[in-house]
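Okay, so here's just one chain, in structure tokens, the form predicted on its own.
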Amino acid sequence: MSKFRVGVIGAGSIAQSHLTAYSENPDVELIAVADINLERAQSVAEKYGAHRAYADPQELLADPEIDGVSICTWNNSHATWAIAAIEAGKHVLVEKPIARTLEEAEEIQRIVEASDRVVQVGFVRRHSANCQVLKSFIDADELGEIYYAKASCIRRVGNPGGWFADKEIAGGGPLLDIGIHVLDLCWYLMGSPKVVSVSGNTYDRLGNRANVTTMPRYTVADYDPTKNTVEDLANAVIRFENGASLLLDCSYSLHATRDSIDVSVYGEKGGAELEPALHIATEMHDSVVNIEPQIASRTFEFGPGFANEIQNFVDAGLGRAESVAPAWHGVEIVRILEGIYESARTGREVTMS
């Protein structure tokens, strides 16, 4: 069997997770890394055993030895490089969000529909063992129809700053960075229903909390404590065509007693908590029963998650499997996110077409 030959565009922190998974995958040959900082591209390529390094991603896309690419750049260039990669005949794994705006996302989808390339979105938490086990329960109708879900990701002090805090580059704050993960998990487990309305709020009361120095936080290389144009907090009620509803909240900075991540879904026969750890609740013999599946980990782990995501992309590119996170899923999630921002801006519920 021939190997899946890969290039990675972007050499920042998220690219390291892709590169680690590619370098450890026996089905993959890592061909090249591209980054606007050529020195960094060369250093990263050497670290992970890639054959070549480029300063211009167009050179990587023109490389005939590359079958597929991971796009690990800032949000404002996801659409540009995804479209360029598809048009160059490459399979594409683009980090979430698929695009900064719905207009960009829909343009990607138009290009996808006119091609035969695999285009997958980096919803890495879908690929964790706990999510896939819960999905198997739902697909087997063990929980019945899922009609309600809750998604929450709260940080007390967690604005990374830099491009994450720049709305023009990132498109938004915690909603597009961390809220998207829990939103996507619920939507995926609910069966990817069509959204019909969104009522949302955003707040920018606390900024990046640069004054707080007693708690460790992740900050990007271009962190500037004086610059922040994104929201601190977002929340929403999301309604779907099948009558189901979802509650969402997410924050970079909130006066909460702890950081937290919570993902729960509820059906007619049972319910489940996926995050922080997988627990399933149901009824048996007229009794309420909690189930704890015995798997390697009932929580999300980055290493295995990215390994599984990369394996799915490779298998899809080689024609051995369907992508777990196709491009249109990324488009629908951006549609919901944009609806939340529009509702927050206008102070009204937004009806989705």
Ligand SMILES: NC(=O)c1ccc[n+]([C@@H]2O[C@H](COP(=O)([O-])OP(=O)(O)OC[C@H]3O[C@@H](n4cnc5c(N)ncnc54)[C@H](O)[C@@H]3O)[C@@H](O)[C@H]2O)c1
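Note that residue numbering follows the sequence shown and begins at 1. Just so we're clear, the structure is a prediction, and the values are computed from it rather than from any experiment.
Another form, the form predicted in complex with the named molecule, is not on view; read the next lines as being about it.
A residue is said to contact a partner when one of its heavy atoms sits within 4.5 Å of a partner heavy atom; Trp81 meets this definition for the named molecule in the predicted complex. When contacts are judged by a 4.5 Å heavy atom cut-off, Val124 counts as touching the named molecule in the predicted complex. For the chain shown alone, Ser192 is not a contact residue for the named molecule in the predicted complex, no non-hydrogen atom being within 4.5 angstroms. Although the partner is absent from this view, Ser77 contacts the named molecule in the predicted complex, with a non-hydrogen atom inside 4.5 angstroms.
Across the proposed site, Ser13, Lys96 and Trp163 without exception bring a heavy atom within 4.5 Å of the named molecule in the predicted complex.
None of 202 to 210, 139 to 147, 263 to 271, 116 to 124 except one has non-hydrogen atoms within 4.5 angstroms of the named molecule in the predicted complex; the exception is 116 to 124. In summary, among the residues Gln109, Asn235, Thr73, Asn228, the only one with a non-hydrogen atom within 4.5 Å of the named molecule in the predicted complex is Thr73.
The partner is not shown here, but in the predicted complex the stretch 287 to 304 reaches within 4.5 angstroms of the named molecule through a heavy atom at Phe302 alone.
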